[in-house]
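So this first bit is one chain, no partners, the form predicted alone, shown in C-alpha cells.
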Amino acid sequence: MKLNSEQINQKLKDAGLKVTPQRHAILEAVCRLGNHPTADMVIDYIRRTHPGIATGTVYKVLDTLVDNHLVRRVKTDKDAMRYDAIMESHHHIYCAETERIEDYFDKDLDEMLQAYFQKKNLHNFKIEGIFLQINGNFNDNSK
C-alpha cells in the first residue's frame, strides 16, 4: 500500500490522532514495506531516515496504530507479530517455510463465512471481523 505523505497525515487525523513525526514515520514504514513487516523490520526501515526514534517508541506507536484501526496485527505460526496496513476485509496466505504472507481477497469467501456464523448464532458474542489465515507452502519459494 503506497500512500503519500499527505495521505498518511490524513489517515492519522481521521483516526483522531495528532500527527507527530514518529507516528508519520512508523505508519509510512508499515505501508511502504507492504510485506506485513515485523516491528524489527519497521525499526530498520525508519532508522535510515529517523535514527532518533527509539525502539520503545516504535512499539508504542504500533500499538497506538492498532488501537486506532490504522493497522492490524497478524500473528504467524512461529508467533512472530507482523503488521498489516490494509484494513479492508481480506485474508492471508502464509508460508511457514519462508514466512511469506500474501493478502487474499475473496468476497465469496467473506459472504460464506458471515452467513455461516450468522446461522451458528453465537450467544453473548459479537463478531467484529473474520480473518482467515491459510497455511501452506509456496511451490516457487519466491519472495
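Just so you know, these numbers come straight off a predicted model, no measurement behind them. Heads up: residue numbers just count along the shown sequence, starting at 1.
Below, we refer to the form predicted together with the DNA, which is not included among the displayed structures.
Peer 1: Pick from Ala85, Leu65, Ile101, Ile53: which residue has any heavy atom within 4.5 angstroms of the DNA in the predicted complex?
Peer 2: Contact with the DNA in the predicted complex is made by Ile53 alone.
Peer 1: Please tell me which of Leu70, Cys31, Ala39, Cys95 lies within 4.5 Å of the DNA in the predicted complex, judged by heavy atoms.
Peer 2: None of the others qualify; the residue that does is Ala39.
Peer 1: Using a 4.5 Å heavy atom cut-off, state whether Val19 contacts the DNA in the predicted complex.
Peer 2: Val19: contacts the DNA in the predicted complex.
Peer 1: Could you tell me if Val61 has a non-hydrogen atom within 4.5 Å of the DNA in the predicted complex?
Peer 2: Heavy-atom contact with the DNA at 4.5 Å: present for Val61.
Peer 1: Look up in the predicted complex whether Met81 has a non-hydrogen atom within 4.5 angstroms of the DNA, and give yes or no.
Peer 2: Result yes; Met81 sits at the interface with the DNA in the predicted complex.
Peer 1: How about Lys11: is it within 4.5 Å of the DNA in the predicted complex, going by heavy atoms?
Peer 2: Close contact is absent here: in the predicted complex, Lys11 is far from the DNA, nothing within 4.5 Å, heavy atoms only.
Peer 1: Quick one: which of 101 to 109, 86 to 94, 114 to 122, 53 to 61 gets within 4.5 Å of the DNA in the predicted complex, going by heavy atoms?
Peer 2: Partner-contacting stretch among the options: 53 to 61.
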